[in-house]
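First, one chain by itself in structure tokens, the form predicted alone.
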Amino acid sequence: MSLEFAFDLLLALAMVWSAWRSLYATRLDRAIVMFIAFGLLMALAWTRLLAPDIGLAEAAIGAGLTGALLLDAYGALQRKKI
């Protein structure tokens, strides 16, 4: 087994694990953090597939902008609760 194959397998398993943790998290803030981690792993996967432009877009929009909006919405919900 080559080192590249082992890295790709580890990346795929990490993506499945983070997606599962994001969907079945008991707390909303943990789900958001796992969603951001999944987006960063997805950006790395696109880069490994020789599509760096899609990887950069995924990192900027999928993990960065969407993650920031979700965290802001979570903060607004927390302020509304008090």
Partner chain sequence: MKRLLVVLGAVCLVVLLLGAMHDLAPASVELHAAVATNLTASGVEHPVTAVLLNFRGYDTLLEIAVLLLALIVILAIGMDATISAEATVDVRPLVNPVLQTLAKLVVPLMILVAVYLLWAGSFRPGGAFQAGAVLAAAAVLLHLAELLPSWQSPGVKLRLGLAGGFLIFLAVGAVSLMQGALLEYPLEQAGALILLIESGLTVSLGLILAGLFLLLSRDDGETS
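Positions refer to the first chain, counted from 1. Just so it is clear, the structure is predicted and the values come from calculations on it, not from any experiment.
We do not show the form predicted together with its partner chain, though everything after this point is about it.
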query: 4.5 Å heavy atom contact with its partner chain in the predicted bound form for all of 53, 61 and 65; finding: yes
query: Contact test in the predicted bound form: residue 79 vs its partner chain, heavy atoms, 4.5 Å; finding: yes
query: Its partner chain contact at residue 10 in the predicted bound form, heavy atom, 4.5 Å; finding: no
query: Distance check, residue 28 to its partner chain in the predicted bound form, heavy atom within 4.5 Å; finding: no
query: is_contact(residue 49, its partner chain) in the predicted bound form, heavy atom dist at most 4.5 Å; finding: no
